[in-house]
Each structure stands twice: as structure tokens, then as C-alpha cells.
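Next up: just one chain, as C-alpha cells, the form predicted alone.
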């Protein structure tokens, strides 16, 4: 049968008994680190290699690598970041009250054990980041769930880089969600059922009879799963994947999750409320690497251009989809950071003015500045001696201080 053949095709990925892909050994990890490093120093930067690394097994491995690769995936010059927002960003902003409410409710998105004082500082930064991007782009409309994307960026890359990344994402990958109505968002959700129909007609028909629709996947889509996953490492792995992929990839992943739970769905009473309740709660032990591979396979087998031929998907044009090709091409001619730094200095700017940010709390800011030069020399020395191992040390030491570690490199 057609569906069994295609299931075999999208499931042909090696894994252990838990469904997690096991193709990458320690040797594979070292090889990936080398590939990423070489891609970053090439001129122009090898963006395709970085995309493959981000989407491939294990993703970008560490937050330190994410701080280097994520900006490249979005064509961001790390030496010309936007300035930190001033107080005026909060004045007379129509979305201020809603943003504050959403951010105040986002406590679970911060690492467990983070001191309340540090979380409070980050929440204030999060409010400013969101309002700054909206202020820069008056054509964009805030939606609940937008802060889930913003906080993921903030926890990894810091305040100024988050503004730059969120600005780009909002104008491209997330653009359809930022219309004044949800019509464009519904249009993206409408891609889900045709994918299921192509792979498993029986499951598709069951869901049609149950009249469950696709609203169960709404929060998955508009937050890039950040709102529904309890483990931050899983969220980061998916962000690696989505940043390196087509804007519709989150909906392809949604299809693989539903297909993965096929037996559960079919064993549920064919009732809208029952099926919606089941699907709207994502299991926290999903085999993410396997599902990512399957989502890539589905995208290749049933690309958006093929699915869009369906009558239900022809009536509306997606801004995210239509602008992706131009965005993709714009990322292919970036200079490595070492060149960008020299060019920035040649133009009369300093790294502290336009470069990688550092925004530690005031109590430790002065101490950091005094020891900054010696710290750089020490880290560079360690890097030369230990290679990839220093990344693990830096990752452990700076988990909650991305702004600090960014200034080192």
C-alpha cells in the first residue's frame, strides 16, 4: 500500500531502542566541530555547510557554537548590532501592556534554579527586545507566543543580538503570524492535513471524521515549539533545525509528530474533543532526532510547491514562503567575522560600539571590564591548546551569561 511504502521511506533512519538517532559518535562530534569552524572562517562563509550542521544529527551541539552560527544563518553582522533600547521604547506603545503580561507569565521558560533577581533582569530585557522590534517594524503585529521565540534567543545570544535576530525572523520566517488577523497563520496550518493525507490516508480520514482540525498545532507553530516543550535543550535543538530550514519546516515537523503517534490517535475515540486533547499535549520523550530526519524527508517528497496546488491552499499567498528564496540567496555571500571586524575597525568604529555585546549586571560589570583583556588572552590560549574542549568549559561556566561570553570572542 502507498502509505506503508512511504512510512518506510521516511522512517529509514538508524536509531536506538528509544528512537534516538545514533549515527554520530564522539569522532563524529569532533568532525562536526571542525566542519563548523572551517565553514565559519571561509570567505565567503560556507552557509550551506552551516545549515547542514544545524539541521543534522545533534544540531549545533553547544550554545557557544549557536552564538557564532545563528547570526550567520540569518545574515547578521555581529559587529553592527542595534543599540540597546532606551526607556522611550516603552512609551505610548500600543502592545506594551500585553507584552508585559505575557513576559510576566513566562517564568517557566527560564532555567530552573536561576536566581529571581537575574530572571527579573532578563524579563525586563525581554520586554524591551519585543517592543524595540515592533517599533522598528510598524507593519508587524504582536501575537501571544511571540515572546516564547524572543526568550529563547535572549537566553542564548543576549539582548542586542536578540533584537537583530528577532527583527530578521519577524520579517521572514515568522512574517505570516504577524498580520493583523490570523488568516495567514491558518493558511500555514492548512498545509498539515495534506501532508498527512499523502503519507497515511487512514490517519488523515480518521482526523477528518473527528473534525479535529489543526488548531492543536497552533502553539507549536507560532512559538517554534518553545511554549510546549519542558526541556530547553529540546527547544534549542529545534531552533537549530528551523533556523537552517524553510519557514514551513515547523509544520512538517508537526506532521511527523502526528504520524509518530498514529496508534494513539487511532485508538482514541473518534471525537473532536478527545483527539484534540490527545494531540495538543506533546509527549516530552519524543525521538527528536528521528522526527527531524523524517520531517526533512517529508519536505523533499512533498515540497510546499506541490502541496500548494491543492484548492484549499491556493486562495492565499504566504509572505514567508514567497520571500524565502530571496532571503536564502542573501545569506550566501557573508564575510567571516575576522574580516568583518577588520572592516569595522577600518571604518573608524570600535568593537565596543558596534560589536558583540556585554551587558552583565552593574555589580560585576566593572570587574569584568578590568579583567577583560587578560581574560581574552587566557581564553585564546586555552582555545589554541585545548581546541574544542574549551567550548565545553565555557558552556558550563557561562550558561546564564551569554552576553559575557560573547565579548570574549
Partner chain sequence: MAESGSAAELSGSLTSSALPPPRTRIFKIIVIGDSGVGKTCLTFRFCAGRFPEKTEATIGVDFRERLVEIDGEKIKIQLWDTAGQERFRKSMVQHYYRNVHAVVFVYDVTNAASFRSLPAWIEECKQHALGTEVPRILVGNKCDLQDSVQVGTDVAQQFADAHSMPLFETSAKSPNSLGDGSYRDSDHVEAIFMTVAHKLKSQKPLVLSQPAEGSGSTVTLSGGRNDDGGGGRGWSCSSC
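All of these numbers come straight from a predicted model, not from anything done at the bench. Numbering follows the first chain given and starts at 1.
If you look for the form predicted in complex with the partner chain, you will not find it shown, but the lines that follow are about it.
*Asks:* Residues in which of 332 to 340, 155 to 163, 183 to 191, 243 to 251 have heavy atoms within 4.5 Å of the partner chain in the predicted complex?
*Replies:* It is 183 to 191 that comes within 4.5 Å of the partner.
*Asks:* So which of 318, 168, 98, 77 reaches within 4.5 angstroms of the partner chain in the predicted complex, heavy atom to heavy atom?
*Replies:* Checking each option against the partner chain in the predicted complex, the one that comes within 4.5 Å is 98.
*Asks:* Taking the partner chain in the predicted complex as the reference, which of 105, 84, 328, 310 has a non-hydrogen atom within 4.5 Å?
*Replies:* The residue in contact is 105.
*Asks:* Give a yes or no for residue 227: in the predicted complex, does one of its heavy atoms lie within 4.5 Å of a heavy atom belonging to the partner chain?
*Replies:* Residue 227 belongs to the contact set for the partner chain.
*Asks:* Indicate whether the partner chain has at least one heavy atom within 4.5 Å of a heavy atom of residue 294 in the predicted complex.
*Replies:* Answer no; every heavy atom of residue 294 is more than 4.5 Å from the partner chain in the predicted complex.
*Asks:* Quick one: does residue 284 come within 4.5 Å of the partner chain in the predicted complex, counting heavy atoms only?
*Replies:* Residue 284 lies outside the contact set for the partner chain.
*Asks:* Should residue 125 be counted as a contact of the partner chain in the predicted complex, where contact means heavy atoms within 4.5 Å?
*Replies:* No, residue 125 is distant from the partner.
*Asks:* What are the residues of 136 to 152, in order along the chain, with a heavy atom within 4.5 Å of the partner chain in the predicted complex?
*Replies:* Those in contact are 141, 142, 143, 144, 145, 147, 148.
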